Structure formats: structure tokens, C-alpha cells
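Heads up, the chain below is alone and in the form predicted on its own; it's given as C-alpha cells.
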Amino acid sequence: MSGRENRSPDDDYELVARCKKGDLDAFESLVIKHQGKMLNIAFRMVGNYEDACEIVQDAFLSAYRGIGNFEKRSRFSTWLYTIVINTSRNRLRQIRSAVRHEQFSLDDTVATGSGSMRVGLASDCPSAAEQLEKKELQAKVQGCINRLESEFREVLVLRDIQGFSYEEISDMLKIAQGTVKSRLFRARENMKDCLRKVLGR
């Protein structure tokens, strides 16, 4: 029996079935359940909070319009996160096209410290200096993620940040698991090199 057949049942299936019958409350439940992870994926892909919010809105709109065509060949979450990845890719192409025409660097948006990055604060309330240092570190890490080629960035975000399995990533990106692993290896090596440079270690 394959790993695909061994997977646990899709706990979204009942909500999806209700959505297909036009139940807006069911779709709202799916939005509430998945929006956090979708926003995190989009933000890590494009490096800008406002763009990430728009990507998630666009992805949910696409999902709502296309839910009638969703089949149980994969989990609903896999299908949904694939839409987020594809929407993020499209947004990145638009950003790069605009950057070429406006002659600005994508790197400028990473190091602004404008508060667009959401950093989870510990319950013991770190000092302002510690918060600033953490935010600067997060910005440097995101800057290195942004410098990765798209194919490497996608697998790094999905595996190391979101914790998806190799099989799930393979399903989302429509590539072999071996390709996922080799891209992830390259992505991690590139991240190490970048972080050594930006952190001076």
C-alpha cells in the first residue's frame, strides 16, 4: 500500500462538500482554518506583508471559484496551498517586472524595518532592544530567502518553515520527491552562505 493510501482522511472534506452546495459559512470556516498558514507561506515567498495579504485574498477567491472542480485526489489543504504558491509566483513575476521598469532593488523592501514583519513575542516581554535585534535578524533571514531562486525558495519555505512532508511538497509543486530533496539541499547551502555573509559569521 502506498503512502498516499495510508494518509489520514481529509478533515476538510465535509466543509468542502458543503461549499460545493453553496454554503458560505463552510467556506468561511475553511478561510479561518487555513488563512494563517497561507499568509505565512505567501509572506515567506514574496517578503512583503501587504503583498502577502493580497496574495491570500486572491488565492481564496480562486479557491472559491474553483472549489466545484476540486476532487479528492489530494488533500484540500494541498490543493489550497498550491494555489497560494502559484499566486505568489505570479505576484513575484509582477514585482520583478515593475522593479525592472522602475529600476529599484527588491532588496530595498527587505531591510526597511517598517513593521511589516510580524514577530511573535515571548510571554516575558523582551526589551525594546531585544525586539529590535530580533526583527533585524528576521529581516536578514528573509532577505536571504528572497535572494534564493524561486524553485529553491519554494521548497525551503514549504519544508523548513512550514514543515510539510516531502510527499506533500511533491504534490504541491508537481515534482518528484528526489527533486524536492535535491532542491532543498541546494537551498539550505545557499542560505548558509548568505547568512554567513550578512551575519558576519
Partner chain sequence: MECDKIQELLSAYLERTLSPAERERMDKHLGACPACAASLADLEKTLHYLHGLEDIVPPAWLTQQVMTRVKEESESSKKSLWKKLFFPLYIKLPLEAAGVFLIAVTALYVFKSIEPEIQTVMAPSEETVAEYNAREKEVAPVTKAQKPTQLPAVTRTKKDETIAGVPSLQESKSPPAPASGPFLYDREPAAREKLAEEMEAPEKGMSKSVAPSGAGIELKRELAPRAPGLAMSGLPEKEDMSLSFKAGNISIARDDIKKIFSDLGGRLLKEESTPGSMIINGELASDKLPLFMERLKTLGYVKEKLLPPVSDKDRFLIKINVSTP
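On a predicted model such as this, the values are computed, not experimentally measured, just so you know. Numbering follows the first chain given and starts at 1.
Missing here is the form predicted in complex with the partner chain; even so, the following discussion is about that form.
Taking the partner from elsewhere, no residue among Asn69, Ile95 and Glu149 has a non-hydrogen atom within 4.5 angstroms of the partner chain in the model of the complex.
Taking the partner from elsewhere, Ala176 is found to have every heavy atom lying beyond 4.5 Å of the partner chain in the model of the complex. When contacts are judged by a 4.5 Å heavy atom cut-off, Ser165 does not count as touching the partner chain in the model of the complex. Contact between Leu158 and the partner chain in the model of the complex is not found at the 4.5 Å heavy atom cutoff. Using a 4.5 angstroms limit between non-hydrogen atoms, Met191 touches the partner chain in the model of the complex. Residues Lys134, Leu137, Gln138, Val141, Ile145, Leu156, Arg159, Asp160 of 134-160 are found to place at least one heavy atom within 4.5 Å of the partner chain in the model of the complex.
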